[in-house]
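Here we start with a single chain on its own, the form predicted on its own, put down as structure tokens.
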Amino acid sequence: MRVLAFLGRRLGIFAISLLGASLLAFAVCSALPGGVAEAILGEGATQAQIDALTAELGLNRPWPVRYLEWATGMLHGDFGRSYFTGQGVLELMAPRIAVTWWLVVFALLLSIAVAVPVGMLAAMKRRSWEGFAASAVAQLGMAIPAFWAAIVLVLVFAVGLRWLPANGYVPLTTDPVGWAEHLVLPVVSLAIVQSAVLVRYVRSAFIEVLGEDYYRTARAVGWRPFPALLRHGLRNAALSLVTVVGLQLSAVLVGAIVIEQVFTLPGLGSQLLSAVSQRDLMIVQGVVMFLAASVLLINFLVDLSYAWIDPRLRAEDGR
């Protein structure tokens, strides 16, 4: 029962947050200056034409009515239709979702794969040159903008060495090798900054573990430093790592939008910017809502992982 109460509370928070995100997304898009009808008809349109198209699109109705229609449709998988093409928003988003999420997921996995061993090294060797070098490199990585890293990587590996393509995208089903080659530089560019951020948190978490009694006991009974830290400290440091990964997801999504522009990837970021410039607010709302729901879902999963990593948190929440 305690587990069900914990899960119910987290689901309630997720649902309320999702409702708030949908209200905010709709309100912001509705408050943007300019009108959809003017953007579709162009500068030479008369006011009568603008009014007629506005009524045809249903944009002259009260915003609560339009919001309820949009929100109810999303519950049934209908994100509305593009004002310009008439196609379903979800249909237009579907092929781009895969591009963005390949980029985000691989960047996060690469960041974690780099940050955990480097952070452990920085913690264990914090009083030696190895630890100092690891911390210095992480600090430098945090100061490098993702787009600058992307440009440098393109100049070195695409223009100079000609090992990898500089831009574009190939679907996985069309050419798996080409798909992987086109993702390498964008993923590495995005992972550089994120891994640097994670290294700092992993280092701090493992420094705390080094001072705990259970680590000193493991060392006293014969465990070597690195295996003792990995065996007895990783689970305790995982709580901090999971927290930071959840918080960094929004930063990764924002970074992905920038990286997609640098490498001309057909993802959600490029679709969002294109829809904003065209005033296709239905697509803007759909993309923003999808990204917001993704962040909230990851945070929900992070909350559940807390209870799995440390059951004491679940017990405390159930009181």
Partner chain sequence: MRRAGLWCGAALVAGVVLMALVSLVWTPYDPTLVVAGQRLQGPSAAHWLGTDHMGIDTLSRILVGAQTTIVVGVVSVGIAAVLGVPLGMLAGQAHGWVDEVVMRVTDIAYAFPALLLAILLAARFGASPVTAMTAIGLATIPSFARVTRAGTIQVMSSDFVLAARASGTRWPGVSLRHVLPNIAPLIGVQASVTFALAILAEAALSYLGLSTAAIVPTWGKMLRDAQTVMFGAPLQAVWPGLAIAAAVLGFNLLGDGLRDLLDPRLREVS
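Positions refer to the first chain, counted from 1. Predicted model, so just to flag it, every value in this text is computed and none were measured.
A second form of this protein, the form predicted together with the partner chain, is not displayed here; the remarks below concern that form.
Q: Among 107-115, 145-153, 82-90, 170-178, which stretch has residues whose heavy atoms lie within 4.5 Å of the partner chain in the predicted bound form?
A: Selected stretch: 145-153.
Q: Please tell me which of Leu273, Leu68, Ala55, Leu41 lies within 4.5 Å of the partner chain in the predicted bound form, judged by heavy atoms.
A: When the partner chain is considered in the predicted bound form, the option within 4.5 Å is Leu273.
Q: Heavy atom within 4.5 Å of the partner chain in the predicted bound form: which of Phe132, Trp101, Tyr214, Phe226?
A: Here the answer is residue option Phe132.
Q: At the 4.5 Å heavy atom threshold, is Ile207 in contact with the partner chain in the predicted bound form?
A: Contact with the partner chain, yes.
Q: Evaluate Arg200 for contact with the partner chain in the predicted bound form, applying a 4.5 angstroms cut-off between non-hydrogen atoms, and reply yes or no.
A: Answer yes; at least one heavy atom of Arg200 falls within 4.5 Å of the partner chain in the predicted bound form.
Q: Please run the contact check for Val254 against the partner chain in the predicted bound form: heavy atoms, 4.5 angstroms, yes or no?
A: Although the partner chain is absent here, Val254 would touch it in the predicted bound form, with heavy atoms inside 4.5 Å.
Q: So, in the predicted bound form, is Arg127 in contact with the partner chain at a 4.5 angstroms heavy atom limit?
A: Yes.
Q: Quick one: in the predicted bound form, does every one of Met74, Leu164 and Leu301 get a heavy atom within 4.5 Å of the partner chain?
A: No: no residue has a heavy atom within 4.5 Å of the partner.
Q: For the stretch 73-89, return the residues whose heavy atoms include at least one within 4.5 Å of the partner chain in the predicted bound form, in the order they occur.
A: Nothing in the stretch sits within 4.5 Å of the partner.
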